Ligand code: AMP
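Here we start with a single chain on its own, the form predicted alone, put down as structure tokens.
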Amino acid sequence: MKLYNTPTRQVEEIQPLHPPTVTVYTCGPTVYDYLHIGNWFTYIREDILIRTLKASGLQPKWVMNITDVGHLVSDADEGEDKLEKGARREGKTAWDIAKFYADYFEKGLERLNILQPDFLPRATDHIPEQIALIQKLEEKGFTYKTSDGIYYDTSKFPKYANFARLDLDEQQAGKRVEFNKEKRNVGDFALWKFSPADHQRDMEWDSPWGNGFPGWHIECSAMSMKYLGETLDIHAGGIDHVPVHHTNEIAQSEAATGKPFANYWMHTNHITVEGEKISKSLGNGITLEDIEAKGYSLEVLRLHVLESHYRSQSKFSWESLEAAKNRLQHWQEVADRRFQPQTPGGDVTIEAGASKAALDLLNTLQNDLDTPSALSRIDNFFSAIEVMSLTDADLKGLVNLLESIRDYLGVNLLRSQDISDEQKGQINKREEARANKDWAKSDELRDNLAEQGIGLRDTPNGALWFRL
């Protein structure tokens, strides 16, 4: 399997440290509000990574964190904790906010048919591990103290700028007036923040440096190394994490262990809504509930996500969601052919073609998770067979392909049920009416089936039904 590796800017063959196990860490949500579709785009794409690794014979050991403390409004350690902000907004405690939105996130994974990670650790459950990691950095001389916390000194890590290819001189020269003057370098970041002297936070812990809370970046390093070891096979997250969060993770992790932090880095690109970046101020932070309120299933959203490559900037619109709905309906029509064997019109069989289509689907995903090409291949195959008469052997091949689509893409076309015997009887009666040229009776039966949500398509080998 091949994946684009951010630090090398190349597509590379995945070679796990301890095959068949492949360790994967993906950055999860900060649980202070409802997640928007930009978040879910990333998680669906990471789900495709896990599914493809499994289909390739590997055994992913997957950790996705939940940030429930320490993520400040500014990634540069400025402003208030997002959990505290959420608590003030809703008149609750930060603990209440964290539990509610973490539970919401976990239910969202299930609603979107995203595989369950092996571990979903929460930052607040791993404070001792974070303190221990900061102490190790302190012992090695990578930290210093300011009036508001313990900071990592990026000048002590010569490779700091390499991952994101940062221009540190330019950053230092262009730093803003409000830049924290106690920081030695513009890129230095907080490992531990002190609690304010004038009030008690909902979330604070004792530490060797005084009461406070962990910085956002230290959480991921501590939790990933606890569950997956000091060197990960794959680390994934949004592209916006490259210049700050992931750069800082690398710096603190490698300074502490002296080992590479991750061998492969996968980053998903931004999405825009109606041409605009997602922003609460623009009112375009669309949620799963907004999608459903418009009459779209979350499986339609999932299919829409897969229509663009994870490394491209995706464009969400309601028109594009409608197109995904139509595509899913077409796929479901073909999938429902498994209930409708017909007398073949010749010696053409699709069983071998379906097996090849399943293999092509996997090969396409193994090439840097190329979901747009994978969907196109399915479209082409389905369009070719929908006009054919299918034997029992053909239907077996079709079912095998549908199982592959379910397992590789997370789109379950096998969920639908066969129509009732009564409805099948009405179709047979309509066939008799057509044979007798009783068009009035034929139309009556068609209309009656349509009222039950069943459409008909007439073919030389009889009528095929589909769901309206």
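No experiment lies behind these values; they were computed from the predicted model shown. The first residue of the shown sequence is 1; numbering continues from there.
The form predicted in complex with the named molecule exists for this protein as well; it is not shown, and the discussion that follows is about that form.
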In the model of the complex, segment of 267-275, 360-368, 206-214, 89-97 with a heavy atom within 4.5 Å of the named molecule: 267-275
Interface membership of T30, the named molecule in the model of the complex, 4.5 Å heavy atom rule: yes
Non-hydrogen atom contact H36 with the named molecule in the model of the complex at 4.5 angstroms: yes
Close approach of H71 to the named molecule in the model of the complex, 4.5 Å, heavy atom: yes
Heavy atom of D240 within 4.5 Å of the named molecule in the model of the complex: yes
Contacts with the named molecule in the model of the complex, stretch 86-120 (heavy atom within 4.5 Å): none
